[in-house]
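Only one chain is given next, in structure tokens, and it is the form predicted on its own.
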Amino acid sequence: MIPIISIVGKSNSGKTTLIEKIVPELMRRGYRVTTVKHDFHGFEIDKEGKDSWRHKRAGAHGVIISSPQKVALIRDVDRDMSLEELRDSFGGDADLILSEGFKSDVQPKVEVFRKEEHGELLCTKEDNLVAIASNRPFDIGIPCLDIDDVKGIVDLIESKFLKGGRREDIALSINGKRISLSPFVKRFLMRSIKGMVSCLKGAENPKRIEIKID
């Protein structure tokens, strides 16, 4: 089951900024992360006049936009979906789902709190609050980390929700551009590289391998 963690907080607390820092650190550690943003007021991603907008206006229940780099789905829903439903429908092969908002959902939460913006916390332990990221200390029986301690926050997420460890994966970038690899090529490269590296003295049991060619 893919774990879900909600980054919550009042307006101007820095939820998006924290997510922007957490995601690269998780990726650096080898995890695949899917993010979910909750917008209570609704949103539009297909601009008027575009083909996808015309498909939707024609009455399509769902529109899929596909390209060699990414794919997007626009689909009608009849209610606000829970994080669990979103995970089951769209979680894919992620190791972790990180959401912004969803303060009323039952999933574990990390609250972002800035003393210059707010007077009191939004959540309590009863709201499944598992940690606080703040620029002031809190002593309420929940870990409170400095809002800029990204490594510490990710350490907590990793130890509490990713105990199974990261999936074995390989990534290839050429001239700074990420190259998509098929499952067959991934397996071939991983087995070949791990096999050669494990033969080297002092590298018999490699856990993480980084190769850079300039």
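Everything numeric in this text was worked out from a predicted model, so none of it was measured. We number the residues from 1 along the sequence you see. Superpose the two forms; the largest set of C-alphas matching within 1.5 Å is the rigid core.
If you look for the form predicted together with a further copy of the same chain, you will not find it shown, but the lines that follow are about it.
Asker: Examine L162 and determine whether its closest non-hydrogen atom to a further copy of the same chain in the predicted bound form is within 4.5 angstroms.
Answerer: Output for L162 is no: heavy atoms all beyond 4.5 Å of a further copy of the same chain.
Asker: So, in the predicted bound form, is D146 in contact with a further copy of the same chain at a 4.5 angstroms heavy atom limit?
Answerer: Because no heavy atom of D146 falls inside 4.5 Å of a further copy of the same chain in the predicted bound form, the answer is no.
Asker: Residue-level question: is E158 within 4.5 Å of a further copy of the same chain in the predicted bound form, judged on heavy atoms?
Answerer: Heavy-atom contact with a further copy of the same chain at 4.5 Å: absent for E158.
Asker: At 4.5 Å between heavy atoms, is G59 in contact with a further copy of the same chain in the predicted bound form?
Answerer: Contact with a further copy of the same chain, yes.
Asker: Could you run down 200-214 and flag each residue that has a heavy atom within 4.5 Å of a further copy of the same chain in the predicted bound form?
Answerer: Stretch hits, in order: L200, K201, G202, A203, N205, P206, K207, R208, I209, E210, I211, K212, I213, D214.
Asker: So with the core overlaid, does the Cα of A58 end up 2 Å or more away between the shown form and the other one?
Answerer: A58 C-alpha, core-superposed: shift of less than 2 Å.
Asker: Aligning on the rigid core, do we see the C-alpha of S192 shift 2 angstroms or more between the shown form and the other one?
Answerer: Yes, the C-alpha position differs by at least 2 Å between the shown form and the other one.
Asker: On a core-based superposition, does R28 travel 2 Å or more at its Cα between the shown form and the other one?
Answerer: Shift of 2 Å or more: no.
Asker: Regarding P24 and L189, go with closer or farther for their CA spacing in the predicted bound form versus this form, the difference being 3 Å or more.
Answerer: Compared with the shown chain, P24-L189 is farther in the predicted bound form.
Asker: Taking the shown form as reference, are the C-alpha positions of P206 and T34 brought closer or pushed farther apart in the predicted bound form, with a change of 3 Å or more?
Answerer: Note: Cα gap between P206 and T34 shrinks in the predicted bound form.
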